[in-house]
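What follows is a single chain, given as structure tokens, in the form predicted on its own.
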Amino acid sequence: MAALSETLLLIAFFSYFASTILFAVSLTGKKWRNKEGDMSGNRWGTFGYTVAIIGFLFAMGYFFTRWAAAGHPPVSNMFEYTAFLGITLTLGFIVIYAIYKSNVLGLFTMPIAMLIIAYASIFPREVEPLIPALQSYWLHIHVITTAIGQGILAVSFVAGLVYLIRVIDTSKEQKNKQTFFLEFIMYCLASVLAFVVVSNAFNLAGFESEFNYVNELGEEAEITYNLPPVFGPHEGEVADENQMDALITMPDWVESEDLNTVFWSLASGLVLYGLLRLIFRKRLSYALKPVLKGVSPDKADEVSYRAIAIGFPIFTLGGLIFAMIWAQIAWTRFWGWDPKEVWALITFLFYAAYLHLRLSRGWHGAPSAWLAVIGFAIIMFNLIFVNLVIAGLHSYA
């Protein structure tokens, strides 16, 4: 059953790839695109949307078959939750596309969903029993609802990014903060892709470095690195002298293996971004501009806002209200200032501020788009950095 679930997820991944190609044809194919531009769906855009729905159905097949194999919802570790986030991003796109028929939204959303699922694949994929803290039906409610809310909020990031690429002049002659930060987003996306490639390459090569160290409980423990260990465990020693030793030893409050993962993601992304700049000989955001010529900035801005208006209350239910109920059941307190809890609160406050500024202060256009991008960055920081690097009650994830 577990093998079947992974096969279904792989089929979903390639369905998303096919959907991306169809959306690209709908926008760039001179024989098929509409004169009205992106926001009026055409035949090829409809095909792309249909294939995206088919991919989503296969992804849900993965979700339920893995649930059957594990005996619990597959959202309890980094592989499962990150893969489900990619799936919920697709769900959010399916809902928003039905309203706006935005082909360019599909062209950008599908690759990002693929990147998230590909990133999930670098984590251990074994089906494991739940630890005691997770053995509750609130796992179904809290985590799944949170992921759905975050997936819909991710659509606002895509629409915000489309808006920024469309309206900001990122030619070589322009040097300003907006241009810099827009290119930084391109670098971050390149980092995800590069890290997936690098980590799979080392896995295929069979790279390992094992360390003996003393954990935070004062107990002897072992840890295995599948990437060259730039950051090693606190007071750790390599188990085999023929294996690669760590360059830097970290304090005991830092999850060194996960920090090492973050480092390789950023470093490999820098290399890929540099290569792409050499190939295109221009900023990546500027290279994407021709695809967005027919895009209405106002429509992109509206799509971004609508996604937040839908996703924010769902995230609030899952990430705060249901989370506090589960915390009371599991740890006998509603709130404990655990790093994960703090960043969930920061996410809630940020999107609440977005809605306030948009509705009361009239923030539209570029300011609104930047807030949508920053909001998704907070979500990913909470998922990746807080989960992997900072030790806390949620470190089991």
Partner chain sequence: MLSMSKVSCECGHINPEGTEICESCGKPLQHENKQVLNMRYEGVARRSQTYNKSIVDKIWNFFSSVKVGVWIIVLTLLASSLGTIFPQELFIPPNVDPAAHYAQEYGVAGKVYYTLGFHNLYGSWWYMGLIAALGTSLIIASIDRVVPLYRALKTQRVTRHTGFMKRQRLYGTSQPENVDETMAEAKELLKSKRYNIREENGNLVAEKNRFSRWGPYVNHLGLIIFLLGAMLRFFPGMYVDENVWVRDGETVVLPGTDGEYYLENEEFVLELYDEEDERFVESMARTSDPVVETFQTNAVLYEREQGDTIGVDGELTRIDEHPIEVNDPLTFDNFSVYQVDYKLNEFSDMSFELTNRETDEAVGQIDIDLFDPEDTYELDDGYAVDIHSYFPDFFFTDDGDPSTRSSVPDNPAFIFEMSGPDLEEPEISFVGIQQNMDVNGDNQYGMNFADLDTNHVTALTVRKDLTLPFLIVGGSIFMIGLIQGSYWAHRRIWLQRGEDGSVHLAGHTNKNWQSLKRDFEALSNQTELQVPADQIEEKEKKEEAEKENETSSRNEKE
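Given the structure is predicted, the values throughout are model-derived calculations rather than measurements. Residue numbers count along the first chain shown, from 1.
Heads up, the form predicted together with its partner chain isn't pictured, but that's what we're talking about next.
Of the residues given (Leu115, Leu288, Ile223, Met324), Met324 alone sits with a heavy atom within 4.5 Å of its partner chain in the predicted bound form. Interface residue among Trp44, Trp343, Tyr62, Phe56, judged by heavy atoms within 4.5 Å of its partner chain in the predicted bound form: Trp343. With its partner chain omitted here, the record of contacts in the predicted bound form names 316 to 324 of 259 to 267, 316 to 324, 242 to 250, 201 to 209, defined by a heavy atom within 4.5 Å. For the chain shown alone, Val197 is not a contact residue for its partner chain in the predicted bound form, no non-hydrogen atom being within 4.5 angstroms. Taking non-hydrogen atoms only, Glu183 never approaches its partner chain to within 4.5 angstroms in the predicted bound form. When contacts are judged by a 4.5 Å heavy atom cut-off, Gly71 counts as touching its partner chain in the predicted bound form. Its partner chain in the predicted bound form is approached by Phe348, whose closest heavy atom lies within 4.5 angstroms of it.
Scanning 356 to 370 for heavy atoms within 4.5 Å of its partner chain in the predicted bound form gives His356, Leu357, Leu359, Ser360, Arg361, Gly362 in sequence order.
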